[in-house]
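The data below hold one chain only, encoded as structure tokens and taken in the form predicted alone.
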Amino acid sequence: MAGTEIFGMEEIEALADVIKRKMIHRYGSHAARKGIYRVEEFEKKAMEITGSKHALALTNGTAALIVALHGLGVGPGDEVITSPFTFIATVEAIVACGAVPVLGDIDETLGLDPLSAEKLITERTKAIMPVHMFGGAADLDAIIEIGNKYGIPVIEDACEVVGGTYKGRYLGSMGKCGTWSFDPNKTLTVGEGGIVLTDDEDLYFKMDCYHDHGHIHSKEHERGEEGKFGLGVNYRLNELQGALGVVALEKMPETLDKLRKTKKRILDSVKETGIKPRPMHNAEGDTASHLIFILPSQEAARSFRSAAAEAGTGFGIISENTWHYAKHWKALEEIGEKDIFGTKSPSYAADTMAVTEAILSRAVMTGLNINMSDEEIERIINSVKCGAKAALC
């Protein structure tokens, strides 16, 4: 599964247009570019789709998380509650702000368990960051309710689920802010890129300035003549990526429709086996990028994996996923139980993730491609049936 699957002449033409006009930088040269701002078009399209009042395009999803945290004032000694089942960028963004990651438990939907998150709140908690993983939403109603109860902003890490929805609203658009990613492994890609969505004008202004050396952006001034709000970084997206982003969002409905039809066909075909798909808080909003089943035990998961592999489809047991499970991140040892910025970090030892381990050790997963032949789909269906027979008998 990767967004390059859907690349075609539309992307080539979009890139060629930018190159022919020789306008790579997203800001300045207002007269020469004749009103054409591709990154801005990308942002506007994201706003139109999600209903968000503001969208800020950035170099990648990690930058989007850092900018969101910084915009909310997260800094040294603050704590941010998040999930142990995520990509390491979630934790890296928190640490990049000098803050302390606090890992909660997950539930069987594989999202952050709201009750676990609430128990972890302290006077130092500055944000709650649920992560929507492998196509499905975390329990946003409950998490946002907790955030409101304690006056703590919710940042949605929706980098894995661009286009996914929760009860009719787009993931990433419901918290104080939310992030999308468009890296090479995502369903939609611009090579590298990210977006922060928010309805908060003041937050948007802070993020907009911070992501570009503190510049206060205005088309009334040329680059370098504008004022500065303060210090910042350089996480600007360029016009080539913006052009690709416009095309990607135009292709999003058809792309997700293909994935959803494929996944539905598979699940409908294996219902009689008794195997349980991963439960979801809002199945209709699933981006259908992954096929996940929850088995009764770790032994059953292993039996399923072996039989499915013999039938031609590789399924991974998610607890063994070194890419997305904090238990395997040796880098966490650098901050675990140490005095970071005057605050002792919590332990990140494996035994602190026992609840998450108990769930992920029973979860098997394979990714789905956007373009799949009937033969490929039937092979997966047969593999699931063989896996279910071995695991459930």
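One rule holds for the numbers: they count along the sequence shown, beginning at 1. Please read these numbers as outputs of a predicted model, since none were measured by experiment.
There is another form of the same protein, the form predicted together with a small molecule; it is not shown, and what comes next is about it.
With the partner left out here, the small molecule still marks one of 259 to 267, 129 to 137, 308 to 316, 98 to 106 in the predicted bound form; by a 4.5 Å heavy atom cut-off that stretch is 129 to 137. In the predicted bound form, the small molecule sits beyond 4.5 Å of every heavy atom of T187.
Although the partner is absent here, T62 is a contact residue: one of its heavy atoms lies within 4.5 angstroms of the small molecule in the predicted bound form. The small molecule is not drawn, but in the predicted bound form it has no heavy atom within 4.5 Å of I292. Although the partner is absent from this view, L110 stays clear of the small molecule in the predicted bound form, with no non-hydrogen atom inside 4.5 angstroms. Against the small molecule in the predicted bound form, the set A89, D157 and G193 is in full contact: each member has a heavy atom within 4.5 Å. The partner is absent here; in the predicted bound form, the one residue of E118, D200, D78, D183 having a heavy atom within 4.5 Å of the small molecule is D183.
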